[in-house]
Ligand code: ASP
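As structure tokens, one chain now follows by itself in the form predicted alone.
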């Protein structure tokens, strides 16, 4: 005999009910089938809503009733021909009875738990009748049996306790004499031992099926729903979640307790007691394997240490604490007794080993009642200041790791809290039982999606790490970076196991976001349709989206953007900066950003601040990390200035060469930043700081080669006019170098005595002499390399190489 249960999602509409009928027809051709059905999808909630409206004297209960009536008549007419008057008469009678019940609630202004059970029982009674009549039309020997005639309970309404002795006898006696190929029963409903209508609690149709299966000692119970089994995490929140092939009873119990909606937790107990496997199947995809729940824990070496990740929302965290609790017996007993008297279910408990506090999680709906009851119970201790009034924190959730193989498996807790910590998910309380099959953490509700995805990535997606990128400044360099990300996306997934998604982009006018990842083929069109850009708005949106492994990339030259870095780092959002302002600002600000990066476990990377895509800072950091000490640095750090002086001669005009460098994108939009030496000064300052030296920009001697008129120009246009006027000055500089058989190079130098930047005549034979085009070169002298320095050389300017440097920093974040 097969026992199958179909839930509300399977009974959601005519299309789904037809799939149910197809499955039942297939099964009944092989052997006898018992089928338990829920109400038509959403009907139980509608019945409760109608009851509440009637209770509150709101005549909209009539509209809700009419909606319920229309839904059932629609299903009936689509499944059963109109000439079937007997079916319509039955439905008319039931709906009339329901309307009279609602009218009664409205008139007497009372809705007791007993009446509520009678009210919600209509859903299953009507759905079971309709599907039975529909399947009979296919020529199947089907019979409907009212489960209220089989399942006996006490008189605790809305969640009655089952009298298994009487119930099992009723079930076994009925099926001994039942010869029908298919028997359909309404789930959820029952009767007390004195004949009152009761229910088994929300989700009780699963419970009904488990009771029937256990009483008949069948080989397997099948629960059919709208998903293909129990998943490694909630697939609505974690897209990468996948069905779990096998679970033990205990694992399934833990997962269902902590929010896995596929099973109603008490369902498992009757099947567990009788050691009956439970198979979770998908009505919409009946050929998929599903999840098998059985006695064996499956703790073999092939099974993952964690079987699944679950969560439960709308939790309130209550804390009772005080020095007066220490060493005093009875506090816990009194606390839990008062909660039990108020029928408040405790979902989560933890107590400090010092006995200074007890922390427990309950449904948010019970928070105020619980707080009042606890404070009244401990009124004397609170008045004498032995303990404090109970504190209540709302908008919380619980996330839980579940798995039989977690026991004695080292590092699970560390891995869990490391994944949460890296993503700035604050853990308010922790609990782990001695069985080690569950590790639970209370977090803020707003962080649930990020927490589940972070944990799922850590425990089930070790091969792929998702990075979520937010980019401000999608001009020349930003455009090249987006092109590189788009081009390399498949390579990153296949070779480096990185799923890199661009979630937000912004320029000075517009910003655009897509939490599933922006389609980079047409990002310009999408950005143009976005909302008005603002720095605070971009930060707020990034914060609201709350993505794991988030990275903010600044490709501007804006001081206002650099001032936002701390706000991102404090949210554990990594910062990658092409902008040099922050790292060359006051040392206290630079140090604060570095400290925030460590404190909030968020990377702060700025390789492109010096040398564009060259690994200059990375090389320096590796030297320092290995214990070496930098003694001096000599460098040509401006690709734009190197381009200018490599192309300037007695045959050219300085103005023309600078214009060309600006047009090629080798200088900042304002070339005065490059030519004044400020940009180079910032770069050598950053290298000095990364070498471990405390220094500010004013400590650097800037020997400018520009004229007073150049330096005093108010605008970029004025600056270019002064270049034309002062051409002789620049020709004199070139002529002097030629006379001395030297090349003009803008050199930055750092040592323990002095740091300076300025134009120098470089003689033949010097490493800088043959530096071509827009190349940069840096020579690091250290205690280990006192005479022959480490040299890094290559293209130090240009949109493509700068974008590649930013890309390299993204990869560094993924490897942290």
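Numbering follows the first chain given and starts at 1. Everything quoted here is computed from the prediction, not taken from an experiment.
The following text describes the form predicted together with the named molecule, which does not appear among the structures shown.
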Q.
Within 4.5 Å, heavy atoms only: does residue 473 come near the named molecule in the predicted complex?
A. no
Q. Quick one: is residue 202 in contact with the named molecule in the predicted complex, heavy atoms, 4.5 Å cut-off?
A. yes
Q. Applying a 4.5 Å heavy atom distance criterion, does residue 756 contact the named molecule in the predicted complex?
A. no
Q.
Against the named molecule in the predicted complex, would residue 44 count as a contact residue? Criterion: heavy atoms within 4.5 Å.
A. yes
Q | Answer range among 758 to 766, 32 to 40, 777 to 785, 57 to 65 for contact with the named molecule, defined in the predicted complex as heavy atoms within 4.5 Å | A | 32 to 40
Q.
Given a 4.5 Å distance limit between heavy atoms, list every residue of 166 to 189 close to the named molecule in the predicted complex, or none if there are none.
A. 188
